[in-house]
Structure formats: structure tokens, C-alpha cells
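The chain that follows stands alone, in the form predicted alone, written as C-alpha cells.
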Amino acid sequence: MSPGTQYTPYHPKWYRRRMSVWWWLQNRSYVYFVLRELTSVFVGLCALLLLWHLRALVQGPEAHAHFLAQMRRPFFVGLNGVGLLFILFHTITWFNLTPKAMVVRLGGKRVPDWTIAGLNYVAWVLLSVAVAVVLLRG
């Protein structure tokens, strides 16, 4: 090596294929995944709406009447309608995904996917009927 030689570190430029922002539209399972993740925003909004409703109940009949008047506005009716659709989509896609996220074994054998998803749907229907009975009776 001669004393005048200077070495510079070599940093290769890695090849990176350009990817569109809309890459997830190329595969149906990616679309469902992204939509399911986006629907969680509406799940959070409905939780906040429920907390707002509980706050109005605690504050008394006048505050609750004001809350109900607000909920009758077209904006909130539309928001609740869209929220319901997104929450149904979120629930259905999650129930269909549950067998992959939760592997259940009985007697050393894996329980079939349709059984796990089906039990989730049955529990959903039973709880919905129970809530409807409680609400419609009173």
C-alpha cells in the first residue's frame, strides 16, 4: 500500500422497485385486510358515541334529550348507518379470520375452521337476540 492511497467506503445503491400507493388493490385478500383495518376507525367512533351517550345519561334527562335531538340530525343518522355497515364488515371478516388466528385442538386433532367461525356467528346471533329482547321489553 502506498501512503498516498485513499480508500472510500463503497455504498452500493440497492435496487428498489417503485411501488404504487395503491399496491393493495392488486389482490383481493389485501383489499379485505386494508378495509378491515380501516373499519376499526368506525368501531372507535361508535365507542366514542356510546361514551357520549352514557355521559348524557349521567347528566340527567335534559342532557339526554339534547343528545337524542343531536342523534336525529341527518349527519348523525348517516354516520350511524355507515358505521353500522363498516362494523358489520369488520365483524364478519374477523369471524372468518378467527380460525387462522386461534387454532383449537381437541383430542390432539385440530377443530375444523367452519366450526370455530360458526360458533362465533351463533354466539353473535344469541347475544344480539338477548340484547333485542332486553331493549324491546323495556
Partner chain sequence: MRPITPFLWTLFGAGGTIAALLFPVHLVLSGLAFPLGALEAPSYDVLYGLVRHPVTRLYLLVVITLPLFHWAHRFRYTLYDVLQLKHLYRLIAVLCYSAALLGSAVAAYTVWRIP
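Residue numbers count along the first chain shown, from 1. The model shown is predicted, which means the values in this text are computed figures rather than measured ones. Take the two forms, superpose them, and find the largest set of C-alpha atoms that agree within 1.5 Å; that set is the rigid core.
The protein also exists as the form predicted in complex with its partner chain; that form is not presented, and the subsequent description refers to it.
For the chain shown alone, W114 is not a contact residue for its partner chain in the model of the complex, no non-hydrogen atom being within 4.5 angstroms. A residue is said to contact a partner when one of its heavy atoms sits within 4.5 Å of a partner heavy atom; R55 meets this definition for its partner chain in the model of the complex. Of the heavy atoms in R72, some are within 4.5 Å of its partner chain in the model of the complex. Shown here without its partner chain, the chain has F33, V34, R36, E37, L38, T39, S40, V41 in 25-42 lying with a heavy atom within 4.5 Å of that partner in the model of the complex.
Comparing the forms between this form and the one not shown, the C-alpha position of W124 differs by less than 2 angstroms, with the core used for superposition.
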